[in-house]
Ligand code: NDP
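There is one chain below, alone, in structure tokens, taken in the form predicted alone.
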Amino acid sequence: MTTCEPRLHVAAPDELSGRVIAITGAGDGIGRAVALACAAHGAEVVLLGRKVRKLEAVYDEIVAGGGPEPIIAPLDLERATAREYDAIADAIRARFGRLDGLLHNAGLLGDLSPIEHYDVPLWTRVLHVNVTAAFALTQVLLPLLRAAPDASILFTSSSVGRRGRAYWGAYAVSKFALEGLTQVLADEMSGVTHVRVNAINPGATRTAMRRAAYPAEVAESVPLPGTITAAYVCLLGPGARGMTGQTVDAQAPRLPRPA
């Protein structure tokens, strides 16, 4: 039974104690913030990302803060082979025997340009990293998620994945696809497993991707990643048990600025 409202959730100190949670894109931005928050609430975190140096920095931060020792699992979603996906699953299986949470946070923005002029190889890269790689990682980790008594899969969506917007191209299309993947997988898991599947829209957040998409925006007007983690902790933890096939917002809608 769902007991938390993601956006307003106030987590107990030990809310995620005993849970094993894997996070892609954990070296920076939202992924880093959620990894720190999960560890602060007791989770053993599997840090997935391309840059080992950044993952090591998050590892050190978690350990220095007294959190459970995480696993560093380098993975380049653009170039990873089946063997590398299997190695991640084997490492988690050997250490924990199960997986309680999986957050798909990593993604590529691609180019903001008209469909008519969109570069085809770049389109393919964005769709691969944002959708196909997320599908492949989920597939290889599903046996470990099924082994958990209450597992949560969380895909990262976007407002442009709910209503298309001009020039957002492959990124928007990939987010529409993830909304669909969320619904399909949730329906497949419902009633036959303890795995729940949801999507989260982080909203405007002060990240490198946001800066690339809105270079003229005043950075200080956008919330830091650490301010939006409550919704993630809620959805990855026991408070959202029973919630599946939903798409939620990590933040309240931004009000337009006065003229």
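Worth saying up front: this structure is predicted, and the values here are computed from it rather than measured. We number the residues from 1 along the sequence you see.
Keep in mind that the form predicted in complex with this ligand is not shown, yet the notes after this line are about it.
Checking L145, L75, M189, I92 for any heavy atom within 4.5 Å of this ligand in the model of the complex turns up a single hit: L75. For the candidate set A43, V197, I30, V58, a heavy atom within 4.5 Å of this ligand in the model of the complex is found for exactly one residue, namely I30. Residue contact with this ligand in the model of the complex: G67 places no heavy atom within 4.5 Å of it. Using a 4.5 angstroms limit between non-hydrogen atoms, G25 touches this ligand in the model of the complex. In the model of the complex, S152 stays away from this ligand, with no heavy atom inside 4.5 Å.
Taking non-hydrogen atoms only, A106 approaches this ligand to within 4.5 angstroms in the model of the complex.
Between 153 to 161, 179 to 187, 134 to 142, 110 to 118, the stretch whose residues reach within 4.5 angstroms of this ligand in the model of the complex through a non-hydrogen atom is 153 to 161.
Residues are counted as partner-facing when one of their heavy atoms sits within 4.5 Å of this ligand in the model of the complex; in 184 to 211 these are N201, P202, G203, A204, T205, T207, A208, M209, R210, in sequence order.
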